[in-house]
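This document opens with one chain alone, in structure tokens, the form predicted on its own.
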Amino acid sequence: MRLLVLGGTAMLGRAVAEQAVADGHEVTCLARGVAGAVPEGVQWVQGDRDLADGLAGVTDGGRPWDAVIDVARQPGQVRRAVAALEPVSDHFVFVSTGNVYADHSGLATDESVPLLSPLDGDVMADMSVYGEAKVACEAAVLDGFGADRTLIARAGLIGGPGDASGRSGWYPWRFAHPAGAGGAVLTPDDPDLPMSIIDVRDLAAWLVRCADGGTSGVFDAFGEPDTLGGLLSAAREVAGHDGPVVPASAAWLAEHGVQEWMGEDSLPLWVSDPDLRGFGSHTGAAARAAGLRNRPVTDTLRDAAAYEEGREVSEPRRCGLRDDKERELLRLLGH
């Protein structure tokens, strides 16, 4: 297969390119080249997708592509890619997100949940309209390539090695380096919160197989259904943690300035809003029926933790509690 990856230097795009090379495919990545080098064995074509002629390097001469894989979030970039590549490409795989759904309150849901309205315009100004932007991207691909030549993969929370957000690596790292006395670690008191993680390598391998096989359709590409309590238990197992686990209520954490999901002074993977409780509970059954295979979550967390261990000391963490903040919170809770 002659595969074109739009990107290929950041977490998922890089994993896709590496997997495709390992599978014996001929891989080209179009990227600006500012996020790092492409993997070994990949041809790099420099291009800026914000420019009208940004894809000229992969369309001039009408070179045929068996498949294209795109992870973009800006509708304008996707519209330009579809217009330029449809005449010279057989198949388009677009990586979307579970954020496209308008309702996150249901549990054990699938691709039938209604979507948000598409973003009006070519540029997503900020992450508050991320879901709307991805809806617009999906529509552009389906309009240009048609349903029979398109695969839409609505990814859940992606984790594993290379997770710069820290969401999948924080807890196994924290359990390995507890800040509290006697190894105490603070957690949200919500063990039954539905939550899952899809390993970036599993998602990449499935995307490449779908591209090679011409798989079409719309799929929720999620990890095996799990809970926050299950993920915390797996993180403790990975870290070999046997110290106290100290749960705190959502109200208490909010009162003391602890953020949800990610970001500074946060407890990752946790949302308290009942209207968002189902975000991590899409079953992903259709994607698994189409060949998606999920490795044990302990493997994902172990490798995410190894990535955290390898981060530069000077590189700030993008989520989790500072040691001093967590120690103070644990003290207030009697630990």
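Throughout, we count residues from 1 along the sequence that is shown. Keep in mind it's a predicted model, so treat the numbers as computed, not measured.
The form predicted together with a small molecule is left out here; the points below concern that form.
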Exactly one of Arg167, Arg79, Arg236, Arg201 comes within 4.5 Å of the small molecule in the model of the complex through a heavy atom, and that residue is Arg167
The one residue among Asp299, Asp66, Asp48, Glu26 placing a heavy atom within 4.5 Å of the small molecule in the model of the complex is Asp48
Judged by heavy atoms and a 4.5 Å cut-off, are Pro188, Leu193 and Ala248 together in contact with the small molecule in the model of the complex?
no
Taking 4.5 angstroms as the cut-off for heavy atoms, does Tyr130 touch the small molecule in the model of the complex?
yes
Determine whether any heavy atom of Arg32 comes within 4.5 Å of a heavy atom of the small molecule in the model of the complex, and answer yes or no.
yes
Within 4.5 Å, heavy atoms only: does Gly13 come near the small molecule in the model of the complex?
yes
Please determine whether Ala155 contacts the small molecule in the model of the complex, using a 4.5 Å cut-off between heavy atoms.
yes
Considering the small molecule in the model of the complex, find the one stretch among 283-291, 301-309, 49-57, 265-273 with heavy atoms no farther than 4.5 Å from it.
49-57
